[in-house]
Ligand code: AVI
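Next up: just one chain, as structure tokens, the form predicted alone.
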């Protein structure tokens, strides 16, 4: 009898590294930037003056919380489910208003990073001792599938920070469809969409002079070195940002400065780079009302109300199931 070989199983990160670095053009998923260091770097990015998205959405939630809350089932109670909660800085403005009006709700922050959730849980206990909350670690849709049984009262699903912008339109429609499939007719989806604007403003947001965005993107290579025993020389790559005002697509790349070979020991993989060869690391899509309406309609969602920042750079849309 021939000996059986144990099949090799890979983590999601390992699978992405193998497929992304052996395909052409090379690519890595931005979701794997977010380990403990990546989380900290992204918080630094959100605090940068060039990264206008945070301030715009912060202003919407600060100045329009009362109008936003009017869409919630304040009488019968609701579950406030936030996908990709992060540090909760902007959501706390809404929590503060809901606490002031003594709304009957439970806050359910969802994040793939347990580290971020633990920090958020501590902050919530200190700042909002009267708010009921439950921390939920995992991918958006694994958690949403579990929560689809929450049908005794309204679910309000928050997706802030224009996270949907990390997806091409086809994937964004799939993303919206998966949320819609877990919604009841009375549920509400409240989602941020960064708007098209002067192209240099977009480029500056993803190409800061202090190199924080570069370090954020290079954290993918650091993770490969640390977790998969790779030997990427971070100084042999530089970060490059592009923006197409026609499609509204901003893209981040890591570019190889010279021909080089990288070894990833844990995966028994050698990767060759030509001079100026790229690794596509991030996409950040920008929108207008027509595009958002089109995306929503493809997922059987309708726009219920729009909340806009004062400068028009950013909008939060409330969607209902059609």
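As the structure is a prediction and not an experimental result, all values here were calculated from the model. Positions refer to the first chain, counted from 1.
Heads up, the form predicted together with N,N-dimethyl-L-histidine isn't pictured, but that's what we're talking about next.
- With the partner left out here, N,N-dimethyl-L-histidine still marks one of 290-298, 253-261, 63-71, 277-285 in the predicted complex; by a 4.5 Å heavy atom cut-off that stretch is 277-285.
- Relative to N,N-dimethyl-L-histidine in the predicted complex, residues 51, 161 and 216 are all within 4.5 Å by at least one heavy atom.
- Of the listed positions (206, 128, 140, 175), a single one reaches within 4.5 angstroms of N,N-dimethyl-L-histidine by any non-hydrogen atom in the predicted complex, namely 206.
- This chain is drawn without N,N-dimethyl-L-histidine; in the predicted complex, the residue among 249, 166, 113, 180 with a heavy atom within 4.5 Å of it is 166.
- In the predicted complex, no heavy atom of residue 32 sits within 4.5 Å of N,N-dimethyl-L-histidine.
- Using a 4.5 angstroms limit between non-hydrogen atoms, residue 42 touches N,N-dimethyl-L-histidine in the predicted complex.
- Interface residues of 242-270, taken as those with a heavy atom within 4.5 Å of N,N-dimethyl-L-histidine in the predicted complex (partner not displayed), are absent.
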